[in-house]
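Only one chain comes next, encoded as structure tokens, the form predicted on its own.
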């Protein structure tokens, strides 16, 4: 009987460096705990409940889609848990259970699985879910009202609300070192600045996050805020304030750097980050929304395929 040998040839690259999605997910989860644990300590068991429900429901949504679509079970790669963690880090500790479950549905099903699963999503799933919730139920994200019943030993007013409403003079009581060490209200895992920076630096050193995006995002915020502050010091807060408030640091190190929705080439990464930082300050200072980080990230996710086409000319290619 005649038999043929089937030769399967795959496309380049052929070298695998041994990394895996599950390893990356575990390391990002580990890095995020440096900011989440102080948030849970500050807000108590309510914050612990939001975080655990967010992670669990994100995993269950992905498992359900795996069964419905008859795809291989993918929850073991840790990406669903990571999406749940990123989503929970941006939520207030008072978020109701139904909003958490609805948000993880938007993140996992609408933001990821509907596009084909991990690696195919054009937007950061957690950011997409957050913006949908914020546009649908804006009252849930009124940090001043939501966290009114908590007893803090610092000024319990959302800093960006003061800056937006009363100008730069109203944020003078907020010392930069206090902001850096989390003495401000906000999302569960988005206010402890030193923890976010430490986690981000860890991910950069391990190679899980590209420093070009994080660095250029922060530079974009710094330069834009400085220009506004020079133009009108009484109306617009300085760059230090914008760098350490709202979702700036979580955006720079954990959200804008998401693989599927960010560039892979050097120059595009710098353009991508700078544009995101500049848009953040523009939305904060002259837009209608309090914090512009999430909307800025969605916009740069949208232009990512365009800017990523900017690359060096191939060797040997004519002029």
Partner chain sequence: MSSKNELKFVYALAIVCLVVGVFCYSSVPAKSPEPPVRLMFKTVGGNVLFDHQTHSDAYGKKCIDCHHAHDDSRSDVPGSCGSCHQSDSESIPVFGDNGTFDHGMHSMDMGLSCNDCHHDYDEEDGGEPQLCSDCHEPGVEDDFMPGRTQAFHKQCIACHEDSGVVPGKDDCASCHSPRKRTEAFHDQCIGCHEDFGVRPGRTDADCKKCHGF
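Positions refer to the first chain, counted from 1. Just so you know, these numbers come straight off a predicted model, no measurement behind them.
Unshown form predicted in complex with its partner chain; subsequent notes refer to it.
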Inset, instruction - Find the only residue in 48, 282, 275, 33 having a heavy atom within 4.5 Å of its partner chain in the predicted complex. - result: 48
Inset, instruction - Just give me the single entry in 181, 150, 105, 222 that has a non-hydrogen atom within 4.5 angstroms of its partner chain in the predicted complex. - result: 150
Legend entry - Touches its partner chain in the predicted complex: residue 95 (any heavy atom, 4.5 Å): yes
Inset, instruction - Spell out, yes or no, whether the shortest heavy atom distance between residue 144 and its partner chain in the predicted complex is within 4.5 Å. - result: yes
Inset, instruction - Although its partner chain is absent from this view, report whether residue 55 comes within 4.5 Å of it in the predicted complex, heavy atoms only. - result: yes
Legend entry - in the predicted complex, residue 160 touching its partner chain (heavy atom, 4.5 Å): no
Legend entry - Which of 163-171, 214-222, 239-247, 129-137 lines the interface with its partner chain in the predicted complex (heavy atom within 4.5 Å): 163-171
